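Below, in structure tokens: the form predicted alone, a single chain.
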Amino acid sequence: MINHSKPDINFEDKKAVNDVLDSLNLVKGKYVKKFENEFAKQFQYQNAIATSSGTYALVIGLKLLGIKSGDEVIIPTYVCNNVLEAVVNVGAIPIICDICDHWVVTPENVMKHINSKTKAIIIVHIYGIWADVDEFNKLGVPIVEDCCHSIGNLPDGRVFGHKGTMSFFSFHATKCLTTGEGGMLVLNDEALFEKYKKSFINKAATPVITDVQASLGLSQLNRYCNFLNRRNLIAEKYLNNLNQTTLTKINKIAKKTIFYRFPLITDRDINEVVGVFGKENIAVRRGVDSMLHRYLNLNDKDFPNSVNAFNHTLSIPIYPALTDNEVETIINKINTIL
């Protein structure tokens, strides 16, 4: 079976973890701090704070913004439910908005939802696709960049996570790089970082990663440029060889994504298509598992672009560990089945 997602773990990764295990210093220590420093240095952030998950990084960020019960936070419906859980965790009211016709949220999607209670807007660079944070910054509301699908930079030099008030990342097993579980919070406002140091740092109740996880993250960081290059090479093969009817949307944004996911468009029933590919030993899936507005019993008619994307977006395998033979097999099967 060709997996939909799979981490790229090599000998150096295993050695890095084993070295920490051999040291018997397994909790938060020098490797966590080094991971934070190297992550910040590699992607030119002012600071980086390692956390137990991307979700908890968002919780910390919202608390640092002073968001509390009764405040409103705008989030797109087309994102994983962990984002919703983080907003609810701090007592805020989630205000759900639609996306544009190519998966990301735009200022036009959120403007009608902004009022005096709006304390933050969470902008999701979903699938590794750039959302124009500069335009959001003109709205006068703190911007939180969801970079869980988007670590690194585009070919034109733009780096995810630099433009908002803060950004958060996930290092789950199938994300851009992995520590098994874990996350990172980046604060682009120095005053917020000072507030973090006073409110959270060295607090026993603050979940963090361990040196074991950080050692894996450091090893992955050393190869991350190769990860991005491999994703781009696979994407180029897909763009040049797949049936063009499936590429109608991604062709438009191919220069604005790091290809964490490779979404195709199909008019066929997604569940049926997933089953057909499964019989061919290729794991594909719907673009997102669910939409947030349905958790809150909101009407589909208010989220037309998201519903359309949910019904017609198929995510196919694209990750550094994918072999050339597997890529050729995927291309051939897609062109046959779709």
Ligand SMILES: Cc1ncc(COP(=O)(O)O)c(C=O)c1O
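Heads up: residue numbers just count along the shown sequence, starting at 1. Treat the numbers as computed from the prediction; the structure is a model and nothing was measured.
Note that the form predicted together with the named molecule isn't included here; everything after this is about it.
For the three residues Val83, Ser170 and Gly182, a heavy atom within 4.5 Å of the named molecule turns up in the predicted bound form in every case.
His149 is the sole member of Lys249, Lys256, His149, Lys119 with a non-hydrogen atom lying within 4.5 angstroms of the named molecule in the predicted bound form. For the residues His162, Lys175, His102, Arg230, the 4.5 Å heavy atom test against the named molecule in the predicted bound form is passed only by Lys175. In the predicted bound form, the named molecule sits within 4.5 Å of a heavy atom belonging to Ser53. Heavy atoms of Leu187 never reach within 4.5 Å of the named molecule in the predicted bound form, leaving it off the interface. Within 4.5 Å of some heavy atom of the named molecule in the predicted bound form lies at least one heavy atom of Val79. Mapping the unseen interface onto this chain, Val124 counts among the residues with a heavy atom inside 4.5 Å of the named molecule in the predicted bound form. Partner contact region in the predicted bound form: 53-61, out of 309-317, 266-274, 53-61, 291-299, criterion any non-hydrogen atom within 4.5 Å of the named molecule.
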